[in-house]
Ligand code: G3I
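There is one chain below, alone, in structure tokens, taken in the form predicted alone.
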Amino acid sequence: MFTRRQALQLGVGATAAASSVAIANSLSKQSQLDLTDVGNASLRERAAAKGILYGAAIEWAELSDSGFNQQILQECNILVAENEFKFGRMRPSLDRFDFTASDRLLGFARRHSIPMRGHTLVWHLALPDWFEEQVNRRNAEQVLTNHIQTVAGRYRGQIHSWDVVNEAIEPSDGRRDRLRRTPWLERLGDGYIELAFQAAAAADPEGMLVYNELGLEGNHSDAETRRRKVVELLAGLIDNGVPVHALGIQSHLTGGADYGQFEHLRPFLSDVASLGLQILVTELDVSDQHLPADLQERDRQIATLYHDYLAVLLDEAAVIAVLTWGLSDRYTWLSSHAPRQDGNAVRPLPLDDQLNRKQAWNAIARALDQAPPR
């Protein structure tokens, strides 16, 4: 019997042939792109009409902004906590958990019947200050499994999907297996990934378990290596009977970068789908750090990137959700992480800082309208 890795290798030719038709269809769609009048239906309504979820990352503090709160409820039919579920936020000490913020955010989502994603159970960043001194090779497995059992167990049956492991691949770290050198890898070896998924499945059998990764979108060798290693990692987990259900593609895009028309992603998406996995776009935004100052031109380039990217991804039926990393320019991590040198405010998200719809909103709306139904 073939393993999933071998089946993928044998199916490359078929994947390429099947994708040629999709490429032609996508290019035809893009040539007809019109973002001037897309109608008033919300993104959540457009997504739902195709069997897709649209949502955004939020923080609890942002919901005190009534105008922003209303836009979240209007546009989103799924939410993800930007920070409240991260290890460092929940663990003030080795022996204590603090669920105050995560409980509040989940409570908001449940009151409005909006599914919530859990981001993220295992990551090499956002670890608390005490981690380095108090977690070692002797106790790391107990710390990891206890964390997942406690967090996922507390919210059992209440979370749409968990980002169980986040960003485990880093080709530049120099390992033959291309895994990222993380505190978890150093203490537990490469088995920490399987351990995390097994613990999450035991703690929350109803949750969708996701492997979430960055840097998969580019049209260059590093991104291609990441894509290949992601497929190998997922296929290996499945061959070993590990409960993994979906891939999360972060999708932090950079305005002005040479992505082509994203056609290079089609075989990758098809390979992931052939493993029986679903796909979520988990952290979509467009950095405008290097784009022109002129607002009309900047917004046009951002919108075009949104549309071209989603036109390709949403052609793949395995893609079931699109979440932007924020909804409004009023609240975006890129204001501090990728500011513009000219001092102008960044504009990476569907709504501007006055909560008005931008060309980026129109682009997402058009891509959802063009997507085949699930």
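The model shown is predicted, which means the values in this text are computed figures rather than measured ones. Sequential numbering from 1, following the sequence displayed.
Not pictured, yet referred to below: the form predicted together with this ligand.
Comment: this ligand is not present in this chain, but in the predicted complex one of 283, 204, 299, 75 has a heavy atom within 4.5 Å of it, namely 283. Interface residue among 83, 158, 261, 304, judged by heavy atoms within 4.5 Å of this ligand in the predicted complex: 83. Each of 59, 126 and 252 is positioned with at least one heavy atom within 4.5 Å of this ligand in the predicted complex.
This chain is displayed without this ligand, yet in the predicted complex the stretch 164-172 from 102-110, 164-172, 181-189, 145-153 comes within 4.5 Å of it by heavy atoms. Taking the partner from elsewhere, residue 325 is found to have a heavy atom lying within 4.5 Å of this ligand in the predicted complex. Proximity of residue 68 to this ligand in the predicted complex falls outside the 4.5 Å heavy atom cutoff.
At the 4.5 Å threshold, heavy atoms of residue 266 stay clear of this ligand in the predicted complex, well away from it.
Contact check for residue 119: a heavy atom falls within 4.5 Å of this ligand in the predicted complex.
Of all the residues from 128-151, none has a non-hydrogen atom no more than 4.5 Å from this ligand in the predicted complex.
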